[in-house]
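Encoded as structure tokens, the following chain is the form predicted alone, with no partner shown.
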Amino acid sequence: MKIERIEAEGYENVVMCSDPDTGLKAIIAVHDTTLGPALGGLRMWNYKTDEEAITDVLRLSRGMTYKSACANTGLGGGKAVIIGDQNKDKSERLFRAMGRFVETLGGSYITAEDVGIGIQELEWLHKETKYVTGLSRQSGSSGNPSPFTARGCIRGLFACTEEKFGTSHLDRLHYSVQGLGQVGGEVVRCLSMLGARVTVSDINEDRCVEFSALPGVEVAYGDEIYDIDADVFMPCALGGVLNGDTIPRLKVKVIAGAANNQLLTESHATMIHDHDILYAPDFIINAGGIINVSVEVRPEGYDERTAVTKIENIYNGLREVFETSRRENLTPAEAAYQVAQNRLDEARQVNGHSVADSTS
């Protein structure tokens, strides 16, 4: 197993692993541990180049720092990616090698489930490292974090609809949801149960057919989802979907989804604001999963009631962001970064932790 250090300004540690014996090629990025060890999911994706994978893991890691800071998890930000096809390349040997890679960081990074990874893969990792969260409930762990991420998104929707429409009746609105994975699918099921109208889209057409059977759910194919005349757009797939091409096409008043790094660049937050669309910063509204697994790493162990109580506070977190945005004439994204940075700065003053500025 060969491990190389990658220099990245503003990050505490970025390392790439290559293991020819198992086929593992992976990157771990530890962005900031001011508030505690870096916790963030492991993603498996068929990146076209190493550079694409590095860009993704750096953006995701940085977002986890802000997410944990705003959610008061007591943890820092990190992320890991495996370069590979999640449908063809999974094996116990590969994931045990990934576990050994995680172990080399000595607990500065704790991993969890993300795109392309399930509890089975985490169990394989756990054979080689203790720095794993989100294992099965039977093992005493917190289980799949996706339902908790979805729960937090629904809770956050109340803050968004109250801010923009003056109503907490989610059933009266029309939602366009991009991505029917574990989180997006759970969000759609919940909205359907509430009686809302939902238009869905996913790269897997079989998933679209499956969800079209739910009450109030209809399908848009491909990038038609950006043209749907709805009240709320919910990006629940991959990042970078809010950009100069897609934002002008949107016919919604709110963007509030579960995907990480929805903005292609931070400047696109201003474009959204200029289009009179309320944006719920992704690292606020999608924090339910990380909040759930953060409860697991407490000395007293996992307790679901504690996790759910903390997830309910996503509503208050978004209210704080929207109020800061209005008061200081900032975009909601700028206000959220300010809240996160203030908490990091306060912690550094208290504990004397000295790292590169996490905004770089």
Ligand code: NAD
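Throughout, we count residues from 1 along the sequence that is shown. Predicted model only: the values in this text are computed from it and were never measured.
Absent from the display: the form predicted in complex with the ligand. The rest refers to it.
Among 132, 232, 236, 159, which has any heavy atom within 4.5 Å of the ligand in the model of the complex?
The residue in contact is 236.
Could you spot which one of 83, 180, 125, 263 gets a heavy atom to within 4.5 Å of the ligand in the model of the complex?
Looking at the other structure, the residue within range turns out to be 180.
Can you tell me if residue 43 lies within 4.5 angstroms of the ligand in the model of the complex, counting non-hydrogen atoms only?
Flag for residue 43 set to yes.
Does at least one non-hydrogen atom of residue 280 fall within 4.5 angstroms of the ligand in the model of the complex?
Result no; residue 280 lies far from the ligand in the model of the complex.
Using heavy atoms and a 4.5 Å limit, would one call residue 114 a contact residue for the ligand in the model of the complex?
Residue 114: yes, in contact with the ligand in the model of the complex.
Indicate whether the ligand has at least one heavy atom within 4.5 Å of a heavy atom of residue 62 in the model of the complex.
No, no contact at 4.5 Å.
Determine which one of 195-203, 95-103, 270-278, 133-141 lies within 4.5 Å of the ligand in the model of the complex, judging by heavy atom distances; exactly one does.
That would be 195-203.
Please state whether all three residues 13, 57 and 78 have a non-hydrogen atom within 4.5 angstroms of the ligand in the model of the complex.
No: no residue has a heavy atom within 4.5 Å of the partner.
Going by heavy atoms, what in 138-168 lies within 4.5 angstroms of the ligand in the model of the complex?
145, 146, 149, in sequence order.
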